[in-house]
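Presented as structure tokens, the chain that follows is alone, the form predicted alone.
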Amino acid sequence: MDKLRLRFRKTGKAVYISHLDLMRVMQRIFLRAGTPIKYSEGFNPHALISICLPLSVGTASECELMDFRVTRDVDLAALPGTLNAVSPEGVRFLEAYEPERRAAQIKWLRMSCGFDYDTRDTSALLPALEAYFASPEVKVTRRTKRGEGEFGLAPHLREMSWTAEPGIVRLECLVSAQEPTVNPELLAASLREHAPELAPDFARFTRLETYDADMAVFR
């Protein structure tokens, strides 16, 4: 036993912990729990842990995956409970196991999206939102390392299911996780850019599940 994987939740106040700060939090959790984490060699050793798909600040998740290495065998069944006993609010570990697949094989994320409308009639907005995202021409300006450019969202969205409640429109859908990576916040950005009359007053997002290219649940 060397390389291991943990599945965990990041919810509540923890959604505002940045990726870099989360890595520091994880190191402190392992230290407090007495988990024998392996460190790199050299002048500046660091813990050998990595989050498979780092989250944007403000996005919640029920299915985060983290790989780590240990210096000796650990009780995988007991590990989540041991870590939870010393974890901050909003970080809860669900299972630990030896991974059989590389994180590069993650292709799709199931997302829950909530679009808040403070004063507008959500039942009236729902058909227009459905029609907007059903178009094959849904686009958004996206910033990358190469600069800003127009990005077509439509090919990288699947299984969009909409519901309306007073004050909020909910969407559950699949977004491309890698190649390309589609941040679900781009959905709200597309509305603000091309259909401001449909843009929400606030948007929130939660990862629900990870899948490979064949839509098998990824673990």
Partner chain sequence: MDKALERILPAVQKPARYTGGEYNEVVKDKREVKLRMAFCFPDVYEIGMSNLGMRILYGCINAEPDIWCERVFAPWGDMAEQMRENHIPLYALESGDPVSAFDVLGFSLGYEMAYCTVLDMLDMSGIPLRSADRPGLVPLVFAGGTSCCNPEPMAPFLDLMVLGEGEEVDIEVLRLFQKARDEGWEKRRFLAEAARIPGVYVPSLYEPEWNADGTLRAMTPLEGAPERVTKRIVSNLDAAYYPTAPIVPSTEIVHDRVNVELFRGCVRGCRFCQAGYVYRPIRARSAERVIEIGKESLKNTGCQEATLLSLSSSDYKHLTAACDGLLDWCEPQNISLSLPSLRADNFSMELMSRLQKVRRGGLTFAPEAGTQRLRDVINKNVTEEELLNTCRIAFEGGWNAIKLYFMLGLPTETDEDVRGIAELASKVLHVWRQYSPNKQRGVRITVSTSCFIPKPHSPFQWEAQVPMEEYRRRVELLRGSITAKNVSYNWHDADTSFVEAALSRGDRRVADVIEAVWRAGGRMEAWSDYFRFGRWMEAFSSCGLDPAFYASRERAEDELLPWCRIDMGVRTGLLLRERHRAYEARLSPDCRAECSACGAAKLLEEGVCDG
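Positions refer to the first chain, counted from 1. What you see is a predicted model, and the numbers here were worked out from it, not measured in a lab.
The form predicted in complex with its partner chain is left out here; the points below concern that form.
Peer 1: If you check 104, 85, 128, 94 against its partner chain in the model of the complex, which one has a heavy atom within 4.5 Å?
Peer 2: Of the listed residues, the single hit is 85.
Peer 1: Of these, 178, 27, 183, 35, which has a heavy atom no more than 4.5 Å from its partner chain in the model of the complex?
Peer 2: Of the listed residues, the single hit is 27.
Peer 1: Could you tell me which of 70 to 78, 85 to 93, 132 to 140, 104 to 112 sits within 4.5 Å of its partner chain in the model of the complex, going by non-hydrogen atoms?
Peer 2: Selected stretch: 85 to 93.
Peer 1: Quick check on residue 148: any heavy atom within 4.5 Å of its partner chain in the model of the complex?
Peer 2: Contact with its partner chain, no.
Peer 1: Check whether residue 197 has any heavy atom within 4.5 Å of a heavy atom of its partner chain in the model of the complex, and answer yes or no.
Peer 2: No, no contact at 4.5 Å.
Peer 1: Contact between residue 17 and its partner chain in the model of the complex at 4.5 Å, heavy atoms?
Peer 2: Output for residue 17 is yes: heavy atoms within 4.5 Å of its partner chain.
Peer 1: Please check if residue 98 has a heavy atom lying within 4.5 Å of any heavy atom of its partner chain in the model of the complex.
Peer 2: No, residue 98 sits far enough from its partner chain in the model of the complex that none of its heavy atoms falls within 4.5 Å.
Peer 1: Within 179 to 208, which residues have a heavy atom closer than or equal to 4.5 Å from its partner chain in the model of the complex?
Peer 2: Counting only heavy atoms within 4.5 Å of its partner chain in the model of the complex, the contacting residues of 179 to 208 are 201, 202, 204.
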